[in-house]
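Single chain ahead, by itself, as structure tokens, in the form predicted alone.
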Amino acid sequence: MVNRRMKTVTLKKLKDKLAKNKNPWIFSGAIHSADKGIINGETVKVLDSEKRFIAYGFYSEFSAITLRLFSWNEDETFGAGVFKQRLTSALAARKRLINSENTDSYRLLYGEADGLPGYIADIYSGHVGLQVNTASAVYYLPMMKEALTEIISPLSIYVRPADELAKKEMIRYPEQCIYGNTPESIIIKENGLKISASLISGQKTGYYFDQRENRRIAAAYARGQDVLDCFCYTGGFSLNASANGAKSITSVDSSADALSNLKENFALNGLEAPDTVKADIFEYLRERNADSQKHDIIILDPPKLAKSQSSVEQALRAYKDLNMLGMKKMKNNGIFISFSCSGRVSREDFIKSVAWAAKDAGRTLRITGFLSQSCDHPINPFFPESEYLKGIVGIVE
């Protein structure tokens, strides 16, 4: 594909500042005009109001985010080589960041932060779990497949569409293996522990690598402690805490399948399974507030509570309620670890919600540390949306 043949999109005057500053998202309201006949998902040249080059981007006809920019170099020729270059760079960075002796699975490609919007690629002990999030991610999937097979030499590539692909991008893509043979479950290694993960039936691409370092940090407090792990999923925090000598662990999740997987993971590592509870966490904590049992460590890792800008206020109230319920179950001087994975909720607003939670719980919270996503989920400083995971460690009195 030769760049001079690309169709162009022109931005409105005074609506191009973020794009020129290398923020990759351009919303529909910033667009002045576009050439006719642009195919949903294809690459376009993006110009300012004076018809000067800004960047190349992927075009989404139906999404509110109409353009996702990936290159500000006008001389870069778009094609399979771009995918190979981005993957090569991403792999080199992960090899510098990840301790391969303790961890053999990680996020290889993190969309805009790695210069390929619309794609999430995770390595599972040689297999690739690939999530396609946009029209362009489907449109250029053959190029991505070629790059992955050449650069990574994977055992298999399993593709899953993001939940919002059909709704926001008007693209329907079937979940499928596009290379090799993907088994139902794969044994991966994280922080020296064995974990059974599924690219086929697990959430997202199959597992949450973004909490790897936070699991290790939380486990450092666990020796001899009574731990309550809420929204435990398949047991990442529980498993690390047990391996580091926790006295007792209660793991709570609403999914019976996740809890079954958790028990399997404990067995894989020769560890005694924790007490598991299948329950809605909010209801569980409300019911438990009537009893006298309290915990040395509580971990709250809820799913995304703000899925759109309009739901942020409601999400902040939910975060406040959840953290209030959690803090009421803390022993004095207990370790409180809480997260938000809602990208639309700022770190500042999340901390405010936790502060109000402490007040309403009648407890004193002293924050001793801030947590973020693992190093294989890099944050683009020009793209604050790439920082979605916010967490705190604190002491509750």
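Residue numbers here begin at 1 and follow the sequence given. Predicted model, so just to flag it, every value in this text is computed and none were measured.
As for the form predicted together with a small molecule, it is not shown, yet the points below apply to it.
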| task | Work out which of P303, G81, G126, G224 lies within 4.5 Å of the small molecule in the model of the complex, going by heavy atoms. | result | P303
| request: Name the single residue among Y158, Y140, Y233, F266 that comes within 4.5 Å of the small molecule in the model of the complex, judging by heavy atoms. | output: Y233
| Full three-residue contact with the small molecule in the model of the complex, heavy atom 4.5 Å, for T276, K328 and A361 | no
| message | Partner absent here, but in the model of the complex, which of 87-95, 107-115, 225-233, 127-135 has residues with a heavy atom within 4.5 Å of the small molecule? | response | 225-233
| Would D122 sit within 4.5 Å of the small molecule in the model of the complex, counting heavy atoms only? | no
| query | Is S255 a contact residue for the small molecule in the model of the complex, using a 4.5 Å heavy atom cut-off? | reply | yes
| request: Spell out, yes or no, whether the shortest heavy atom distance between E175 and the small molecule in the model of the complex is within 4.5 Å. | output: no
| Is Y208 close to the small molecule in the model of the complex, meaning a heavy atom pair under 4.5 Å apart or at it? | yes
